[in-house]
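Starting off, we have a lone chain in the form predicted alone, written out as structure tokens.
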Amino acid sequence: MTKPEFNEQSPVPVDRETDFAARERIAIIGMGAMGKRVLATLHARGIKARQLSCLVPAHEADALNMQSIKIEVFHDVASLVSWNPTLCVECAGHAAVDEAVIPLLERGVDAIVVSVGALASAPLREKINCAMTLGNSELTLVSGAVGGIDALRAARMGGLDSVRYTGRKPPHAWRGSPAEVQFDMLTIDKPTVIFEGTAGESARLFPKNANVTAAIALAGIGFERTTVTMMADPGVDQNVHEIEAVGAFGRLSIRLENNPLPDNPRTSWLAAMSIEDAVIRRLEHSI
């Protein structure tokens, strides 16, 4: 059977045996707050320490006290490959998709990726397609901080006319972003649009917010046709995500108000739970 490509218009197929959990060897890429949550989830599911490893830069190992996690620790992809992982779970940021996930896909290691924003790059999507073909491997993208992705993907089957995303965060949450060049976040006292354009543009200009817009663009009508508005809103104290879509199916409107991850306020709790859910579904063979 011909293996279909990964692209913006089709999900990645899965065809698995039912006893996978006992045979999985899982490598977690990145051991920040999200990586540690994934590790705790796997331990809770009864996955043995010998089935687990992680990939972290050597300079981060001491700060993270890697010995305390009691699993195999690797600092480069070549060494990790020799451990023979069956699955990698990316929790390390956009650069890790290119530097670690793609080489592992090429070597037949399936991947679950949370840094969906990296796929705003068309050349990177092509590299992923090639890596999957070369390694006969599979890629799963998690929905992250937004919901309704399954409905949006289904709706495009009948044709989508428009998809709009509006993101609202309190002004202080935009510190360190390009918005600070144009706006004084300390003086904003009403909802203020800090960006309006396409999902592709937003992913390039606001990479720390690209996971949400990329997930919507990939599920719907692509990066250049998806409209994005980002706002600094002193009237909210959570990360607010709104999706509106219109098409042959009718109209879709979703609003999520996300609490931050307790261990990392810059990450939505729902994003962490989405990758935990993807790993559990993989283990239960119900993806």
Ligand SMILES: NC(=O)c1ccc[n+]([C@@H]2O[C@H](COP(=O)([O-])OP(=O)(O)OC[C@H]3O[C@@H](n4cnc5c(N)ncnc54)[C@H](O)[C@@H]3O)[C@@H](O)[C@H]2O)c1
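Keep in mind it's a predicted model, so treat the numbers as computed, not measured. All residue numbers are counted from 1 along the displayed sequence.
Another form exists, predicted in complex with the ligand; not displayed. Remarks below refer to it.
Only one of Ala203, Ala155, Met132, Ala92 comes within 4.5 Å of the ligand in the predicted complex through a heavy atom, and that residue is Ala92.
Site annotation in the predicted complex: the residue of Ala232, Leu39, Leu55, Ile243 reaching within 4.5 Å of the ligand with a heavy atom is Leu55. Interface residue remark: Ala33 is counted as part of the site for the ligand in the predicted complex, having a heavy atom within 4.5 Å. Remark: Glu60 counts among the residues lining the ligand in the predicted complex, judged by a heavy atom distance of 4.5 Å or less. Remark: Ala219 does not count among the residues lining the ligand in the predicted complex, judged by a heavy atom distance of 4.5 Å or less. Among residues of the shown chain, Ser115 is one whose heavy atoms approach the ligand to within 4.5 Å in the predicted complex. The chain is drawn here without the ligand; in the predicted complex, the stretch among 170-178, 205-213, 187-195, 157-165 whose residues come within 4.5 Å of it by any heavy atom is 205-213. Contact check at 4.5 Å (heavy atoms) against the ligand in the predicted complex: none of Ala49, Asp277 and Ile280 pass. Shown here without the ligand, the chain has only Ala145 in 145-173 lying with a heavy atom within 4.5 Å of that partner in the predicted complex.
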